[in-house]
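The chain that follows stands alone, in the form predicted alone, written as C-alpha cells.
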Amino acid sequence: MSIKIGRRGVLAGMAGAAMMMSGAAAYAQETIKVGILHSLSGTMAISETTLKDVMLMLIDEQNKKGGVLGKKLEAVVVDPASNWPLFAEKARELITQQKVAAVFGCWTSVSRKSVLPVFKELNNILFYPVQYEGEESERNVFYTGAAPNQQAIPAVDYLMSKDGGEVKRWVLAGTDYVYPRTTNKVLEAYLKGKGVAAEDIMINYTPFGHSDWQTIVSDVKKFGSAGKKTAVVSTINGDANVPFYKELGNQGVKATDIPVVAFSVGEEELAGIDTGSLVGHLAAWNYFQSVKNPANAEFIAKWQAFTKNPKRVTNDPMEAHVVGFNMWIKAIEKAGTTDPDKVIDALPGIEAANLTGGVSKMLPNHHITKPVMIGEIRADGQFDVVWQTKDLVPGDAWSDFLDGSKDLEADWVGKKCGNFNTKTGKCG
C-alpha cells in the first residue's frame, strides 16, 4: 500500500509540475518578444542608440494598435557595446534565454558577420537596417539597408556626371573592417572598368575610433592637387567621423574643391558637429529627414513626441527599421504565427510603405527595393536632396563587378539558395 501511495504521490507531483510548466509556458507566450541588438556604448553608440529608440517607438505604436495575433509585443534590449564577439553572445542570449521571435539589430558588417552563425544554428530572424557591402544572402537575415548598387555605385555615377562635378580622381577612405574593404573592392573594380587609372585611386583605412586625422587630410589635399577633379568616398564609421569632418574644416577642405560623399554619415552623426565648414559635402542614402511628404512629416512628428525632444533628428537606418518592422508584422499576420520558418517563407513579396513616398518590397534574395538619393549637407545639419533615382532600385546581393560574384544569384523562394551559380547551375 505504501508503494502505491508513493507512486500516486509521484504521479501527482509530476502532474503538478507539468501544470506549473504549462502555466509558465503560457505566461511566457502572453507577449511576443522582440530582440533589439544595438550598441548603446562604445564607438558605435553614436549611430546605434537611435536605432534602439526607434524600435521602442515602433513596438509602442504597434501595441497601441492591439499588438499582433492578439498579443502585445515586448521589447528586449541588450547592449553589445561595440564589441563584435559580444554581439554573438547577446544574440544567443536573446534567442535561447529570452525566446525572442525576431531580432532587429547590428550596424557594422563585422557585428553582422559575428551573429550570423548564431541565427543559422538557432534558426531565428535578423533584420539588418544598415547599408552594407553585399556579397551575402542568408536565409535567416533580411537586409533592409542598401546593397552597393543602391548606394555606392549610384554615388560614384553621380560624382562622375556633369552635375556631380565630373570627378576623375578618387580617394576611398574607410574604417578598417569588412564593409569598407569589400565596398572599396567593388568600387575600385567599377572605377577601373570606367577607365580610371590605378594611380588616380587612393585607398586608406583607419581603425575604429580613429581621432588623429591631420596627416591623412593633408595627404588627401596633396592627392587632390594634381590638376584633376578629386572626390573622397567615405566609408568611415562611428564616432571617428566627428574628428574627420572637424579636420576637413580645420584644413579648409571645401566641397567645391574636394567633395566628400559619405555612406555612413547622416543626420544623427552631424548633430554633434559644427557643420558650417561642411556645407556642400555629400551623403548617399535612401532616406533623408528633409524629404517632404505627409508620411515623413507624420513620422518625424511621432518620433519627436516619443522622444520628447523637438530637435531629435531622423535618419536612413531608422527608416530601414520602420520598413523592416512593418514587413515583419505583415508576414506574421500572413503566416498566422511567429514561427521563424513560416515567417521567413512569408516575407518575400511583402510590401510596406517607405517614408519617401514609395512602397518597398521584400525580394526573394531577402533585400528590398529602395530609392537612392544624394544629399548635400546644409548649415543646419540637414541635407538638400540634389539627385535621386526615378524609381525604386532592387537590392542586389552579389556584385556585377567582381569575379566570383557576377555569376551568383540569391533566391530563397524558387531556388532556396543564397548563392546559386548561374553558370554551373548549382547552389554554392
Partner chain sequence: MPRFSLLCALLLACLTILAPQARADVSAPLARLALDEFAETAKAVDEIAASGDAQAQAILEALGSARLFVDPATKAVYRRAANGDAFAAATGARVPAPPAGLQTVRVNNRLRGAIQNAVGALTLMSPDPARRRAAAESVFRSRDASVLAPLEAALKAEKDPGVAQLFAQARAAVLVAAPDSSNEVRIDAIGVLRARADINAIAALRSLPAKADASAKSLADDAVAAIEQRLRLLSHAQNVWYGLSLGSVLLLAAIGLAITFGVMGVINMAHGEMVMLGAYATFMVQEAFRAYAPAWFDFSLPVALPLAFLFTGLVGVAIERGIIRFLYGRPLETLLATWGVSLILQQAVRTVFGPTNREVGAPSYMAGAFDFFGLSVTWGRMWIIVFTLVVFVSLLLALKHTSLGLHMRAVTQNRRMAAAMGIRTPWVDAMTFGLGSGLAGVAGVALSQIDNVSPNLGQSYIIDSFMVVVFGGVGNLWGALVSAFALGVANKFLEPLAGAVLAKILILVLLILFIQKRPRGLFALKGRAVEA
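These numbers were taken from a predicted model, which means no experiment stands behind them. Numbering follows the first chain given and starts at 1.
Keep in mind that the form predicted together with its partner chain is missing from the display, and what follows is about it.
Only one listed stretch (252 to 260, 89 to 97, 326 to 334, 111 to 119) carries heavy atoms within 4.5 Å of its partner chain in the predicted complex, and that stretch is 252 to 260. No member of the trio Met160, Pro317 and Asp400 reaches its partner chain in the predicted complex with any non-hydrogen atom inside 4.5 Å.
Proximity to its partner chain in the predicted complex, defined as a heavy atom within 4.5 Å, holds among Val178, Ala297, Val279, Val77 only for Val279.
Proximity to its partner chain in the predicted complex, defined as a heavy atom within 4.5 Å, holds among Glu188, Glu135, Glu138, Asp239 only for Asp239. Within 4.5 Å of any heavy atom of its partner chain in the predicted complex lies no heavy atom of Lys342. In the predicted complex, Thr206 approaches its partner chain with a heavy atom inside 4.5 Å. By the criterion of a heavy atom within 4.5 Å, Asp396 is excluded from the residues contacting its partner chain in the predicted complex. In the predicted complex, its partner chain lies within 4.5 Å of some heavy atom of Glu247.
Contacts of stretch 370 to 405 with its partner chain in the predicted complex, defined by any heavy atom lying within 4.5 Å, are made by Glu376, Asp384, Val385, Val386, listed in sequence order.
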